[in-house]
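First, one chain by itself in structure tokens, the form predicted on its own.
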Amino acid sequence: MAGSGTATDLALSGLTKVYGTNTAVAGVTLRIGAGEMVALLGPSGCGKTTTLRMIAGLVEPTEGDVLIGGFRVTRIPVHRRNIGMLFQNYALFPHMSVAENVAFGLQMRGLAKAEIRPKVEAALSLVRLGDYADRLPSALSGGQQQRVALARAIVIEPNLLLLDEPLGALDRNLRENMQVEIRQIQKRLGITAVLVTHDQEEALTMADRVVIMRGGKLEQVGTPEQIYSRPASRFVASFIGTSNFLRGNVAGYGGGMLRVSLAAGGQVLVPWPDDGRREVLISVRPEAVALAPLAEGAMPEIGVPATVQQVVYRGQTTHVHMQLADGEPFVAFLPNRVGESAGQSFAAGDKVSASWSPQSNWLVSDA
């Protein structure tokens, strides 16, 4: 099936959905390139699933348009949009064999049996279920049932693949394996895809770009690396992974660096233009932080003083939870070597200096 279907772009223009007095989606405008996978990510109620359902044609927008390949499909019913869909609950017909489930969409399109069989065989081969064609869904594991659902979605050679929390019912290890498999198949076929998920790691793993939604609006759009390393707001930095936040005042500028005096004591350098702001909020990821003992009453030249509250061993990393002088929490993720905990030299009550590279600092809006 390599190269099946026609890669096409997707455009959302001012897409809005209002239920009574509640605006579920508010003026979403987004363009997704042909062959691109984009993840819609955000907390419950942010509008990501409603957006996906409007793309599919399952929900009619209050305002705005959906364009697939440049054609306006806003009022076209779902069965005429040539879209493949993959859901969390698989939605397989229990009385049909694997092959019959995969063939169903082709039969609905009126294809002859002679055309259907090779397409079904190719789809099952692609998801590594060629030997399971005659089995019923009840005889398959959860991961195998999801592969059948994926084969059914792609066998129709869709222009667009929509995935709504597709791996939520699987255990962690199987979910991680399926993330890689679905991504490989999507790239191999070149299908434009939209993924809705609440799992940050899933979005970062599978998507070319991640769309963070909040309150029915787009908060930030970017590559996984951009979203993680350069969050636009405190909300994004908190929602994607873990982040520390430091308040401070700009004390000087030179060499392309802001020198910031922290409210918690100490100073840091931030690679940022002198844009006139004087009060700033800095985001720094815990894995960037290094710790060193600090004498009582001392102050690090570059960094922030802290008091260790708790040390938690997490396998690959040790999490050192601290409190800053202004009462704010702060955490460092220290990498462990085999048989050795990086945090073993720290204990609750220790005074430490937390420091990190200036390139790990990023200014975010306080929203």
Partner chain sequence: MTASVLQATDMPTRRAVLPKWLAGIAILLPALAFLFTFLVLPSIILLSYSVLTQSESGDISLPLTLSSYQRLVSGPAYRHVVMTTLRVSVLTSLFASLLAYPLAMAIAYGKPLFSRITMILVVLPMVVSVVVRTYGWQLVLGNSNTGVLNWLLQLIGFGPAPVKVMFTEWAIVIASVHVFLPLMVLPLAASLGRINPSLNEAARMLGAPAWRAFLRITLPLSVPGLLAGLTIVFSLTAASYVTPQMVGGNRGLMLGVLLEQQINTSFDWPMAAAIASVMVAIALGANVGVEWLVGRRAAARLRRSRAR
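Positions refer to the first chain, counted from 1. A quick note: this is a predicted structure, and the numbers were derived from the prediction, not measured.
Form predicted in complex with the partner chain: not shown, discussed below.
Think of it this way: in the predicted complex, the partner chain has a heavy atom of just one of Asn177, Ser261, Gln226, Asn89 within 4.5 Å, and the residue is Asn89. Ile83 is the sole member of Leu294, Ile240, Leu124, Ile83 with a non-hydrogen atom within 4.5 Å of the partner chain in the predicted complex.
The shortest heavy atom separation between Glu100 and the partner chain in the predicted complex is within 4.5 Å. Among heavy atoms of Trp272, none comes within 4.5 Å of the partner chain in the predicted complex. With a 4.5 Å cutoff on heavy atoms, Gly105 counts as touching the partner chain in the predicted complex. Although the partner is absent here, Ala34 is not a contact residue: none of its heavy atoms lies within 4.5 angstroms of the partner chain in the predicted complex.
Only one segment in the set 106 to 114, 180 to 188, 244 to 252, 167 to 175 has residues whose heavy atoms sit within 4.5 Å of the partner chain in the predicted complex; it is 106 to 114.
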